[in-house]
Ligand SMILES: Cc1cc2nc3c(=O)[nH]c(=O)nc-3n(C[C@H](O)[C@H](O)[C@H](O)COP(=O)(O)OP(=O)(O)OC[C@H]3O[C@@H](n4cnc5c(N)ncnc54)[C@H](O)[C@@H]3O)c2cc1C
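Below you will find one chain, with nothing else, as structure tokens; this is the form predicted alone, and questions on how it binds or moves follow later.
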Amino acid sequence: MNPLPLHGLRVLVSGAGVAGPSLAFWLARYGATTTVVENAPALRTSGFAVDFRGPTHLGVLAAMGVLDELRSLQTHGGASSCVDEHGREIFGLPAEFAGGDVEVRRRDLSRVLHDRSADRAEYLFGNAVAALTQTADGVYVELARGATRTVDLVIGADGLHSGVRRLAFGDESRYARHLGYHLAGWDLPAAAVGGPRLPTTPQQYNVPGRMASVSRDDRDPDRAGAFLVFASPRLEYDPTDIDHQKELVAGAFTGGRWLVPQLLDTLPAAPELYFDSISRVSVPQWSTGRVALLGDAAGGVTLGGMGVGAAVVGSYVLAGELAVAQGDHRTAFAAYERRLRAYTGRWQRGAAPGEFLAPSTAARLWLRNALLRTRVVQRLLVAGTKSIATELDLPAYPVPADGHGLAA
């Protein structure tokens, strides 16, 4: 086989979060000419900690040469403590439940993946795909900032609210289901919520349909992070209007007890806010012609737990199948979906992170707390997440030219 089986293949990837840079890394290793387009003006610094679990996730990270670096950036988190309004613990969850084998901040993960691919892929920040026209020989792409490109393939790796999916597959309402909750997160001065007394293990406080959580940054003791979840019908808002989003969050938590008033006091000055609905995306077919979807754009759940690991694994498989098929997208896209659909579908099916984090009624909140006080239930939850994460045997695709690949 040609040591660079994708030499000459032009691929445009939308999204520079996790899936996009991962795919850019592998495509470049196989010789493709790759452009990554990202709507944000730079790599995003907001978001929450994400984790990887089991040999499938860790094997791909090792093959990319980033596993050791990510281990050096671990949050050593995952544990959490649910408290009452006086700060007394109701139950605690072990690190294995949410932290996986490796847990890092999303911003650190994005930076590492970007840095590993930036010298071999073109990144266009502050831009977005505005229109797509497929032909027999390629895809004509119009970008929002006026430029145009003709490429062989377009990959939508731009998340639950994918613009590429909307352009090539149809309106988001056909594929995304609102799960009845919204979430918000921002950084704040630790001094506003107790300073050195604030633990690095997240503490969360609940009332029916509301959850507020805060923890001190383990690497910067002067900073802390807030994470709030609230039940709500789908809200209409401009994704670029951060002030309106802050108003929605403040309105949902007005009158809250525990540390909620102090958290809300820091919200107006927060330079960035991560705000989104909790939704589930399911697309019946992940490709149409020369356009394919990757990661949450194809199928995912906000806070679904396995989404980031699945995106990294999906990038490895999509690039590998394209290499095996010598760039034949019809063969490669079908094989990619065949290998991954059941794997990603199992962990997202039935996931209800909003109801778990902020049970909607007093009875459901009481029941959740009672169950999670028991070690048996905690062990079952940890065992379940580990089994899902490891249930995929990956092929060892041909080793790229610089000698790295997934061991057979």
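Bear in mind the structure is a predicted one, so any value in this text is a computation, not a measurement. In this text, residue numbers run from 1 along the sequence as written.
Unshown form predicted in complex with this ligand; subsequent notes refer to it.
Although the partner is absent here, L143 sits far enough away that none of its heavy atoms falls within 4.5 Å of this ligand in the model of the complex. Within this chain, L318 is remote from the site of this ligand in the model of the complex, having no heavy atom within 4.5 Å. Using a 4.5 angstroms limit between non-hydrogen atoms, N39 touches this ligand in the model of the complex. For the chain shown alone, A24 is not a contact residue for this ligand in the model of the complex, no non-hydrogen atom being within 4.5 angstroms.
Stretch-level contact check against this ligand in the model of the complex with heavy atoms at 4.5 Å: of 124-132, 193-201, 323-331, 170-178, the positive one is 124-132.
Contact annotation: of the candidates R106, R223, K246, R120, the single residue with a non-hydrogen atom within 4.5 angstroms of this ligand in the model of the complex is R106. For the options L294, V313, I278, V154, the residue carrying a heavy atom within 4.5 angstroms of this ligand in the model of the complex is L294.
In sequence order, S14, G15, A16, G17, V18, A19, G20 are the residues of 6-27 having a heavy atom within 4.5 Å of this ligand in the model of the complex; the partner itself is omitted from this view.
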